[in-house]
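Single chain ahead, written as structure tokens, the form predicted on its own.
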């Protein structure tokens, strides 16, 4: 498996505390139908074609090259910013990222990860040694639908969430809202029941968007159409979360 980066995005305000540099790792263990980063699903380089020309999604970096590219942003992170690793699924790259994380920790840099948590438990335990803040997706919780829709193991996910919840690390749940998927009635009830167990963990909810459509087109792929969430359904879900004691906020990604 190559450890590829598709983008290093600077001056980010939605990927953790303060101002951050977000690194998008290429490759994911699941395949959400609504994914807005299709270029990050596969672990290998992919050619794309856009109106402005052709190119390749994915660049290989050595540990030192990636560290030097990111650390030059350090002046912008103070006092409470840092680096966030996203994807794809960043934790599937732990064998590569471990040495990089250690270099950042030696410099006192705050580290965050955006993760689906559909990863081997040993990788979560490994990440806990370095990562300060975890964004954890909450998506499809029914075991069969999780397997067929996402290609994920819901029991593995639940174990990993439980591990994080007992770690003392800061965590935030993120829930993408689509009536055909996450807010489908059966799944919505499972999600409400699930997050009620972790009322100490704040929740961010957001509507799906179509900002990734041009990337699908560049890969000659079709983005799903049935990703809508009405204002009424979104507000109703928000109120249900509040009523059961969860701390919930609305974000736009």
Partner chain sequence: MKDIYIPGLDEDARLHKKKQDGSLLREREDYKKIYAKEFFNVYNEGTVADGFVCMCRNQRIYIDENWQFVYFIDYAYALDKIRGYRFGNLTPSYEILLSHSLSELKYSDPATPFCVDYNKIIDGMECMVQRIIEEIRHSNTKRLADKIKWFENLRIKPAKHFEEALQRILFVNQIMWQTDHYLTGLGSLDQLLYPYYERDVKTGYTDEKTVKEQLREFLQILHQYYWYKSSMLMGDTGQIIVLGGSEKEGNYRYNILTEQFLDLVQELQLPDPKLLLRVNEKTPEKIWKKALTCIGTGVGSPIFSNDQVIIPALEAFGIEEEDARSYGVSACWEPLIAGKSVSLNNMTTLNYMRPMENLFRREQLSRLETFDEFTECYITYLGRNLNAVKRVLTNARFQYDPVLSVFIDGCREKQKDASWGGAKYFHAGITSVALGNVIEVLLNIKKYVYEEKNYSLIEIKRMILTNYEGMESEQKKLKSKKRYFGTDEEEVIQLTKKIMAATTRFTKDYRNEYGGKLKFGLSAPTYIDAAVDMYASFDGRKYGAPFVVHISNETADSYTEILNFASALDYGENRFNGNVIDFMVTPDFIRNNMDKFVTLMKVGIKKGIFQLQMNVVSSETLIRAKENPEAFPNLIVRVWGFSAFFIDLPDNYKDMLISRALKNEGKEG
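Positions refer to the first chain, counted from 1. All values derive from a computational prediction rather than experimental measurement.
There is another form of the same protein, the form predicted in complex with the partner chain; it is not shown, and what comes next is about it.
With the partner omitted here, the residue from 147, 159, 98, 72 that has a non-hydrogen atom within 4.5 angstroms of the partner chain in the predicted complex is 72. Contact with the partner chain, judged by heavy atoms within 4.5 Å in the predicted complex, is confined among 73-81, 106-114, 170-178, 150-158 to 73-81.
Mapping the unseen interface onto this chain, residue 9 counts among the residues with a heavy atom inside 4.5 Å of the partner chain in the predicted complex. At the 4.5 Å threshold, heavy atoms of residue 18 reach the partner chain in the predicted complex.
Although the partner is absent here, residue 185 sits far enough away that none of its heavy atoms falls within 4.5 Å of the partner chain in the predicted complex.
In the predicted complex, residue 52 approaches the partner chain with a heavy atom inside 4.5 Å. Along 193-221, a non-hydrogen atom within 4.5 Å of the partner chain in the predicted complex is carried by no residue at all.
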